[in-house]
Structures are given as structure tokens and as C-alpha cells.
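Next comes just one chain, in C-alpha cells: the form predicted alone.
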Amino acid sequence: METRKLLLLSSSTVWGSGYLDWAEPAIRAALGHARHVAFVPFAAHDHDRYATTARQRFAAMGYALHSLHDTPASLADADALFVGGGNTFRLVAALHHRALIEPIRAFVASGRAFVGSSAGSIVACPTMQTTKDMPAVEPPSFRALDLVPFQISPHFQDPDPSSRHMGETQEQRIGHYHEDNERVVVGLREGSALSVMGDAVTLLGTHTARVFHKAQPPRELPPGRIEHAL
């Protein structure tokens, strides 16, 4: 998929800043000359409210945004696509029920930009199996958009050695995934993103990413090109 242009954000907000503030430079770079952005609001329960939030934020950046829950046929007319974060189960269920999987794949294959955040980044992967969300709804399949060949674990947190919490860490849960699955998992810390241009994958931000291969020790990769490790 040589024409693919993806920006996959670990989170829409970071501590101390507003919605998409930290990601604005990367979003502007990803969208380029695009002006009309289609929005996928289905990870949230209140589509109207979510669309209003996204519309106002993108307007502040100079982009017109319309939500697919209002105008589902308008995907073909958009210059770019933004898939918002929220509950991954809800989002994947909607993508299947609304028959959006193949249209979005065709959209990306046409060379138009795809921006995802959190759950919106997970659905760019082959499956949603590396989500940590509550299964609020039951999707017909775990299959996602399959725009990249690896999995993403957003909001990746390192264990706190001083914590008395006895629950599983994200690293342990990724290990459980690899007991039954083969794909590489990229642990994206908040304030990080992956830029995918054709076959090139670049880690953006100031944090390293923790990359997990089945039956291998995890690796810390610094910002920059990382496709060699995937």
C-alpha cells in the first residue's frame, strides 16, 4: 500500500493540555493541503456531542469537519479521515454494522490521509485484540481495518515499582496476547504517535516506544524511523 498516509496517535490529550493540542503540528503535517475532514464518532456513545467537540477543534486548525453519523455517504467527498478515540468495542461494532471497513480501506488506498487517536489508532491494525477497553458492546468480529501489519497498545504505561496494586500490567497483558497470537505489538506512550508513509514508519514525540515480539524480550525504540523493528 505505497500511497498510505496514516497518523496514529496514542492519545488525544496529554496532561496539562487541551483536546488534540499536543498533536496539532503532526495533524497539520499529516493532512497537508486537505481541507474537508470526515469524522468517525462511533467510539463514543453521544455522537452529536463528540462531533461538536471534534468540529470545533478542527475548525480552530482551519479544517471543515463533518461527522459520518450525520452524512454517511460523504466519505467519498472528504480529503482526509479522523477516527476519534473512546471505546474500541463500540467503534469496531459500528464499523462492521455500518459496513465501513472496506470503504475506509479504499479511502486510505486512494492516498488520502487517515488520522486515528487511541481506539481510532487500534482500528488501523489488523484486529482490535490489543485494546484494554471494557467490552460495552459485542462486535460481530474482532477484525479491524488492517491498514498496518502490526498491533498498537495505546496509552502504554510502565509499571510503578512503588505501587501496591496487584493487577496485571500492560506488558503482562501483551504477553497474554502473544501466548495465542504472532503479530508485533507497539506500546505507544501518551504524547507519542506513529506516522506511516508508504512503508516508512516513524515514531513521533519525545518518548520511546516499547515493541513486543512473540517469545523475545521487548525493545525500547527511540523517536525516528522504526519500520526495521516491526
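None of the values given here were measured: they were computed from a predicted structure. The first residue of the sequence shown is number 1, and the count goes up from there.
If you look for the form predicted in complex with a further copy of the same chain, you will not find it shown, but the lines that follow are about it.
- Residue-level contacts in the predicted bound form: of 173, 55, 69, 35, one residue has a heavy atom within 4.5 Å of a further copy of the same chain, and it is 173.
- The three marked residues, 89, 133 and 190, each reach a further copy of the same chain in the predicted bound form, with a heavy atom inside 4.5 Å.
- a further copy of the same chain in the predicted bound form comes within 4.5 Å of a heavy atom belonging to residue 179.
- a further copy of the same chain is not drawn, but in the predicted bound form it has a heavy atom within 4.5 Å of residue 153.
- Although the partner is absent here, residue 157 is a contact residue: one of its heavy atoms lies within 4.5 angstroms of a further copy of the same chain in the predicted bound form.
- Contact annotation: residue 45 falls within 4.5 Å of a further copy of the same chain in the predicted bound form, judged by heavy atom distances.
- Along 105-142, these residues reach a heavy atom to within 4.5 Å of a further copy of the same chain in the predicted bound form: 128, 129, 130, 131, 132, 133, 134, 135, 136, 137, 138, 139, 140, 141, 142.
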